[in-house]
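First, one chain by itself in structure tokens, the form predicted on its own.
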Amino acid sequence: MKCGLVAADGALLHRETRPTPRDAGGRAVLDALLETVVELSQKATADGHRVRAIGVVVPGVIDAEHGTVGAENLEWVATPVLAELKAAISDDVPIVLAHDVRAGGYAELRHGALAGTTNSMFLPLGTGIAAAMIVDGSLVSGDGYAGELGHSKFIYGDTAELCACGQWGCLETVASAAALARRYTARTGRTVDGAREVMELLAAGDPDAEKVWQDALAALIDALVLYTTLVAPTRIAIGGGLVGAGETLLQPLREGVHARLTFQREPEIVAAVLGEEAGMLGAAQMAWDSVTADEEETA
């Protein structure tokens, strides 16, 4: 969990990282989240600040109307996260609950690689894959369901793997950071220290690393071409752990997309710039925007 205190002008006053106790179950994760929010609020007060709003962003499907979250990797099923947060915070402080990737995309739109765009996408490639879609100037929520590009089917036949979502052949099964490590181990029988080690092996000329990397690139190019055809973004910002590969990732994506497009508008493909803090900064920006909107309505 990445968390912090952010001033109205965007200045980061405090930042910290806390573990997510996923192995202890969904209730433990929620309790850790509540504890973090309460303790950060107390720290802000102790430091002489007033908490104006709280932004919390999480993975999964968020029911904004009821404030519930379904997130398989957190063992949350219609978990009443917003109600629990409101109960934990004694003061009447506005709380915004949103999707972590959409929040990251919002931060990149406001202050990062997507600034100045009206049709664009933020695509972090990490443990999983999801997208934040900006269409005609607005961040698309889809009632909490939009942007799950990682669970679109791009792999067919005998090479398709079962995804955690229950479908076979999802983009996430071949092109996420977790998939690179898993597929390399399955291919070679050698356990690796995540995608980072696969990239090191790739740089050293390992043919098995080259194979899993090329499979990932092919699926990502398919996904970007499909998205470009449907939504016509002018810029796509790639984030997450895999963007650390730099041009080893970005240049093949640019070349692959360029080769496949015919009539479509070709997007810029760039690296996201806010790194691991994108979601946290987006959460804060969303929280501040909620305060501003309320003040404008009552002015």
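Residue positions are given as counts along the sequence shown, with the first one as 1. Quantities reported herein were computed from a predicted structural model and do not represent experimental measurements.
Below, we turn to the form predicted in complex with a further copy of the same chain, even though it does not appear here.
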a further copy of the same chain: the contacting residue among Ser141, Thr188, Asn73, Thr127 in the predicted bound form [heavy atom, 4.5 Å]:
Ser141
Checking Ala209, Ile95, Leu149, Leu109 against a further copy of the same chain in the predicted bound form, the residue with a non-hydrogen atom inside 4.5 angstroms turns out to be Leu149
Would you check, heavy atoms only and a 4.5 Å threshold, whether Arg260 touches a further copy of the same chain in the predicted bound form?
yes
Partner contact for Val231 in the predicted bound form: a further copy of the same chain, 4.5 angstroms, heavy atom:
yes
Heavy atom of Asp222 within 4.5 Å of a further copy of the same chain in the predicted bound form:
yes
According to a 4.5 angstroms non-hydrogen atom cut-off, is His66 in contact with a further copy of the same chain in the predicted bound form?
no
Considering a further copy of the same chain in the predicted bound form, find the one stretch among 194-202, 180-188, 85-93, 129-137 with heavy atoms no farther than 4.5 Å from it.
129-137
With the partner left out here, which residues of 154-168 have a non-hydrogen atom within 4.5 Å of a further copy of the same chain in the predicted bound form?
Phe154, Tyr156, Cys165, Gly166, Gln167
